[in-house]
Each structure stands twice: as C-alpha cells, then as structure tokens.
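Shown below, as structure tokens, is a lone chain in the form predicted alone; questions about how it binds or moves come after it.
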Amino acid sequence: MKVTFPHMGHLWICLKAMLEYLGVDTVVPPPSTRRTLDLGSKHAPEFACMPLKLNLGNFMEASEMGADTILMAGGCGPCRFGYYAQVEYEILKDLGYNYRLVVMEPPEKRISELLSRIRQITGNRSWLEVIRGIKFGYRKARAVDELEMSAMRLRPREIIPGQTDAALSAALDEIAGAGRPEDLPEAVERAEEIMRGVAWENRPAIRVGLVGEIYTLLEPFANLDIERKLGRLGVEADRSIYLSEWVNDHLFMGLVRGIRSSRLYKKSAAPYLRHFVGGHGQETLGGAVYYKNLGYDGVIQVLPFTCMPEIVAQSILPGFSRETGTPVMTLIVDEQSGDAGLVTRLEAFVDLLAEKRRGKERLA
C-alpha cells in the first residue's frame, strides 16, 4: 500500500510524519502547479470548485509516482466538500486509476472514531502507537503554523527583500526533516533560529485579516500566493484559519486548549449570521468581526468560484462593512485566475486602507 493525499498548504509535512511514523509507505504528490490544475479541470465537472479540480490533479500526479491508496478528509452539511472524496474516486475509476479510498470523516461523538479510521491504513498498529503518530503529526502542524505566522509579521518589515521567504523555506525543511518525535524539539529550535536571522526594522504596517474557505486560504497555488503579495506591499496579514486550529476543531473535537477555535468566530458572527450554512461561511463572518475588533485595517475574503457557503457570507459582508466602516474585498479564484489582475486589485485595496489610516491619524 502506498498512500497519498491532496496538497493543502503544508498539510503534507504533518501527514507524512504521522503516516511514516506508523510504518505507512507515503507518496507526496508534486506541489500543485498549472499542470495539476489542467489535469483536474479536464476531467472534473465544469462548475465544481477549484479544490476538487486540484485534488483530482494531485491524485493523478501521485499515481504516476506509484500511489494506490487515497487518504481524504470528509465532511457534512450544505458544503459540497462532504462528497468530493467519492466524486473524485469515481472520476479516477472511470479514467482507469486503480485507487483505494479511505475517507477521514470528522468524529461525531468520540475521538476513538478518528483512531478507528486511521487504523484502516495502519493495520495492526497498537492504539498507543496510533495516538503517538497523530500527536507527532499535530505537533508538526503547530510548528509549521507558528513559522507561517512569524513570516507574515516579518515580510512587511524585512530589510532585504525576499529574505523572509527564503528563511521560511529553510525553516520548513527543518520541520519536515524531523523523522522522529524526539527529533522535533531541536528541529523547531533550529527553525526558529533561522526565522530570527531575518533582518527587519520595527516599522508600522497595514494589517489585513484573511478570511474564507479553508482550502483557498491555506493553499498558495490556489490563492495566487496572496500572503507573499501582501507582504511585498507592506501589509501584515493574518489568516483566520490555520491547519492546527482546523484539526483541533474538526478532528480532535477541541481537545487541545490554548489556541483559537471556530467557536469564537461563530459567536462573533451572531449579529450577522446565526446558523451553520456549511463549510466556513459562518466563520468567515465571525473572522471579519474578530479582525475588526482587533483594529485591523481591512479584511479580504478568499473563496473558490461556486463555493456555496462563502457566497452566503459574501452577500452579508457588504452590510458588515457599511455598519462597521471596515473595508472588505472579496477574491474569487478558479482556473482562469491570474496574477496581474490580483496584484492590481491588491494595490488598489492597500492604497485605500493606507489613505483611510492617514485620515484617522489626521483626526486624532
């Protein structure tokens, strides 16, 4: 058995660690590229969202590397993602790919449900080993998130252009290279030392909160590297969802304390959206309120074309913006999206935020 999974940001680092610790032969697909998207778009339903198309392309490229088993997250509710694993599997089967599918559905009542699903691919590994493997993967996810947060603070303040991105790449290599749980603390220390080596100056920066659908928030190819583009424009960005937070909320049932939870966003969203609409629609509204309360200059919603929960949130955000005075920009991505148009829109939005801040300072 050779297990593969779709790319979603740096998800591969923690999944590879967990699976290989448990003795599972793992195939990491090549990073998502235009070829990946073209492969998926060619065979996916036209109006399926970009995540399905990229996932499909990931699986097709992984098959070329010998993968024969797909590990895929599941879901429930109005968001179509809940059945994407089965749709992708059927498309691949029709195309002649001989894959086995293992779907990781969120636990309904007990964490043991998650452990049972993982044991479908780990065979006779003991429960204790499975728990240790999950813990190892999660610790890597948390370390990766901390490094990404650090990079987003540094980019608008770096003295040498591009040094932050180079340091982040080297730091992530350290985390990915830790093969055993006991190796991880030293790898984290080395990674943090690399990030501390970035030359920066303490200057003010426009602050923007990124909200929206989790895949397009986490996957740089899907969001056209928006975090780096904002950093180059002198913007400190923050993402409303990080991988370790999502795992804790949806797979660990909130067992890990001390990190942000979607419960916070759902509570914040109440004045605008009081019920679940699927996906991260409710959290998008709550995230916008969260960043407004923290004094951020603006909010950018990122979503894939045709995403139903985010369309609901998109329709409510203009009212939130008028009521609170918080500028909001919506970025919809699909296979037709390109860099030039995004850069132009970001430049205009950042100019608006800068002028708004200058106006506030003149009145102060």
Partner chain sequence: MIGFLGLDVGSVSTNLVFLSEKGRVLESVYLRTNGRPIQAVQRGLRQIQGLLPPKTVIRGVGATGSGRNLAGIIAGADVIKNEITSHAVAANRMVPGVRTVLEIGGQDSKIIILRDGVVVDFAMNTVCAAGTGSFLDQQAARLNIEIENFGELALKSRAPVRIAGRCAVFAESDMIHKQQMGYDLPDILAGLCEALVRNYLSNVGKGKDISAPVVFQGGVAANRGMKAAFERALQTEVIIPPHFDVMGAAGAAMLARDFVSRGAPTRFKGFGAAEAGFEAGSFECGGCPNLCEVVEIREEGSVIARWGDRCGRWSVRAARENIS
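Here the structure is a predicted model, which is why all the values come from computation and not from measurement. Residue numbers count along the first chain shown, from 1.
A second form of this protein, the form predicted together with its partner chain, is not displayed here; the remarks below concern that form.
Only one of M60, L52, V27, I332 lies close to its partner chain in the model of the complex, with a heavy atom inside 4.5 Å, and it is I332.
For the candidate set R153, R142, R207, R228, a heavy atom within 4.5 Å of its partner chain in the model of the complex is found for exactly one residue, namely R228. Stretch-level contact check against its partner chain in the model of the complex with heavy atoms at 4.5 Å: of 121-129, 92-100, 228-236, 270-278, the positive one is 228-236. Contact annotation for the candidate site: S41, E148 and E283 all lie away from its partner chain in the model of the complex (no heavy atom within 4.5 Å). Shown alone here, L168 lies farther than 4.5 Å from its partner chain in the model of the complex, counting heavy atoms only.
Taking non-hydrogen atoms only, D351 approaches its partner chain to within 4.5 angstroms in the model of the complex. In the model of the complex, none of the heavy atoms of D249 sits within 4.5 Å of a heavy atom of its partner chain. By the criterion of a heavy atom within 4.5 Å, R180 is excluded from the residues contacting its partner chain in the model of the complex. Residues of 277-314 placing a heavy atom within 4.5 Å of its partner chain in the model of the complex, in sequence order: F305, Q314.
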